[in-house]
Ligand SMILES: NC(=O)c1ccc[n+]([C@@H]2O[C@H](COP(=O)([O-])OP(=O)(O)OC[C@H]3O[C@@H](n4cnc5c(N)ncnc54)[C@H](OP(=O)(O)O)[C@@H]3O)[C@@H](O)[C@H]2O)c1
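Just the one chain here, laid out as structure tokens, in the form predicted alone.
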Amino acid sequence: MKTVLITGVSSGFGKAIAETLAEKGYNVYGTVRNATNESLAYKTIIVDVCKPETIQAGINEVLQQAGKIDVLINNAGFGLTGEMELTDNEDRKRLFDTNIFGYIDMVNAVLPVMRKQKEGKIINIASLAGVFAIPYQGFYSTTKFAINGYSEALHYELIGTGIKVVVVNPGDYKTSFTANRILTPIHEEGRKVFDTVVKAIVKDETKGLDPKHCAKLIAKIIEKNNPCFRYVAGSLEHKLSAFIKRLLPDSWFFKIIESHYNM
């Protein structure tokens, strides 16, 4: 039985992944920031990915109970929507601490365990916003671009260790991410365009796929001995957009994005 550690299982992708893997018989541990009395098919541990001391305590708890960690799934995160120029420093720092450094600290805490085991999988959940930037989600896109680059670099460093690195870039899914989005200030002269873009973003998300769709992909990745490095999770449109981004000149692709968001 493989032991899987997932960050951010209170809702969204994390919860769907934890439930799906538990149903398949995996020994699943999920991190939450606050204790819950909810009856779950998987175990929860108290970890705040912005606090490295809680990360190590959580790793120790899993090892005491399971003796190993076969798979780490970095998922915890949130989004900011607004203008980068006017985003508060504290909001920006919290976003980067969660979406980037939280991933890195989790990996650094788990790697000694996996090196000793001479095997393991690290699955970093990024976003389609890490393949191309989404208007008015600039810093969120920045964090997801960073996770894509970090995962590539980590792949090279772990060659020969038996540890596989995979990055998953989900498109639009119907999760609590929409309701939990934090709005940051914008210039009033840009209000009309901003409102139009946000309306399109919310429409895409509310019409998005069930997060179980992504969870099933994660399960397949875990089951593969040699998974691909990068996956785009989502509809055919999402996969095509990532493919087209690599082919078209930037100016052409910008026009497609601007048209999609009615800018």
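Bear in mind the structure is a predicted one, so any value in this text is a computation, not a measurement. Just count from 1 along the sequence shown to find any residue number.
Form predicted together with the named molecule: not shown, discussed below.
For the chain shown alone, R33 is a contact residue for the named molecule in the model of the complex, at least one non-hydrogen atom being within 4.5 angstroms. Contact between I73 and the named molecule in the model of the complex is not found at the 4.5 Å heavy atom cutoff.
Residue contact check for S176: one or more of its heavy atoms lie within 4.5 Å of the named molecule in the model of the complex. At a distance threshold of 4.5 angstroms between non-hydrogen atoms, G171 is in contact with the named molecule in the model of the complex.
In short, of 157-165, 85-93, 124-132, 107-115 it is 124-132 that has heavy atoms within 4.5 Å of the named molecule in the model of the complex.
For a residue to qualify, one of its non-hydrogen atoms must sit within 4.5 Å of the named molecule in the model of the complex; all three of S10, T98 and N180 qualify. Checked against the named molecule in the model of the complex, the candidates A57, A200, C50, A219 yield a single residue with a heavy atom inside 4.5 Å, and that residue is C50.
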